[in-house]
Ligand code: GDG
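Here we start with a single chain on its own, the form predicted on its own, put down as structure tokens.
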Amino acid sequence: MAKPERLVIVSNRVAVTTDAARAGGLAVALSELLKKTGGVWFGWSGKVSARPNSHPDTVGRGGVTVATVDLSADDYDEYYSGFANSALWPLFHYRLDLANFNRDFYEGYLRVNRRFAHALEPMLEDDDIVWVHDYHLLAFGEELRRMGCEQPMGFFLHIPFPAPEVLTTLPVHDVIVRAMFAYDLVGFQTEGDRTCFLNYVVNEAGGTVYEDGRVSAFGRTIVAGVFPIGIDADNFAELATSKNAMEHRRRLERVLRRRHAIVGVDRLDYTKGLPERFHAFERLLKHYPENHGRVTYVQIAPTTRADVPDYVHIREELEGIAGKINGEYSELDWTPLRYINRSFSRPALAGIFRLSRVGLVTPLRDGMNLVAKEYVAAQSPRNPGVLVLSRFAGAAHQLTGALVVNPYDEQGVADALQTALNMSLQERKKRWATLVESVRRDDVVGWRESFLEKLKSVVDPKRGRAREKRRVGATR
């Protein structure tokens, strides 16, 4: 009997978990997949060490091998805080004004990608399938290929892919895209992201795009596909009625005192459009004064990357705007904007979503945005809320029942909030039915299975030839 293929997941951080209440849906879905197939999850341990381990630390966890390596202080500064999060992240989100194209950062990025590849390579088996995730590891697969690895390799980009006019501002743009051609399958969240990639390949790299999805450039042919990521909708709906969720819902009800709630849940990040969102809420209060004492906006924004100056600045900016709004509009028994800088468990968020009349999700640019889908999944079918969604979130291509807005148009967002707050129950139910059908249909299980099935179909002929070569070599 043939040995089953083993899956090897590679990501910046390892997220194998058994706690669905704390972990994100993606971590749970990939963990479950590894437990079914057996496999390895490899990545950074999250530790910064004076003497990083050259060989990964491994531990068995629920049938999965967790393999991690540490970073040095220089690695962290140059690879993680530097090139990944001060160059690629802002660039891919169209924030050229915040991008830092420091060449030392780039060298550190390559160094860590190489070190990760050299740490993983001895653990790989001939029949492994390697699935690499996100912008931290664009150069990872190319180093494995240099080392002679022939295993099928797929790459999935969780964030947007920028237009060529934006990408080419990166001094090493050609090197980065060339590295992506080391993978057999490159996956994107939306057709727009894939189109940006193909436009670059044709117009900058002189490549060729074929009707069947294959793309040729840099002496190699790969497949570029669209695989919009989803959530475990049924699981999140169950969380919304759990004991923990109901407890947080009751706490919020006591605060609201029968007022409508607008809720936003985002990492504290300049791509999420939070200052623009706060200003839009301010416009709602100014131009629709009937909402005074009637509506409370709850924004949950846990701090991330606190050592990056741009994130320190946005936190200070938001605190200033929130203070101004509350100072101008608060009453003795009403605080219009509640701004919270800490994280909540998934059941807690599900309960908060379920109680809220409006889900406000208005990033300036986002690969997908799973919060929008979680808001939909958490709603009560009898009395669902309304999703107000940025047109620049990948989810907007799927969630056609939302009120889609331009996050840069603060008055337009305010108008959409007013529409959502006054929408009839009949229309809310109709819109929600469309939304939840999409969320359930395009769930996280379908995403992972469609990606891996496509990867296997792309590489099977090549794998057959590779195995034959190895058998011939062994016979000789």
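Each residue number is its position in the shown sequence, starting from 1. Since the structure is predicted, the reported quantities are computational estimates derived from the model, not experimental observations.
Omitted from view is the form predicted in complex with the ligand, to which the following refers.
Only one of 110, 403, 217, 159 lies close to the ligand in the predicted complex, with a heavy atom inside 4.5 Å, and it is 159. Only one of 151, 356, 189, 291 comes within 4.5 Å of the ligand in the predicted complex through a heavy atom, and that residue is 189.
Contact annotation: the ligand lies within 4.5 Å of heavy atoms from the stretch 266-274 in the predicted complex, the single such stretch among 75-83, 318-326, 266-274, 139-147. For the candidate spot formed by 342, 371 and 374, every residue has a non-hydrogen atom within 4.5 angstroms of the ligand in the predicted complex.
At a distance threshold of 4.5 angstroms between non-hydrogen atoms, residue 367 is in contact with the ligand in the predicted complex. Contact annotation for residue 300: at least one heavy atom lies within 4.5 Å of the ligand in the predicted complex. Interface membership of residue 89, defined by any non-hydrogen atom within 4.5 Å of the ligand in the predicted complex, is confirmed. Though the partner is left out of this view, residue 280 does not reach within 4.5 Å of the ligand in the predicted complex, counting heavy atoms only.
If you take 210-229 and check each residue for a heavy atom within 4.5 Å of the ligand in the predicted complex, you get just 229.
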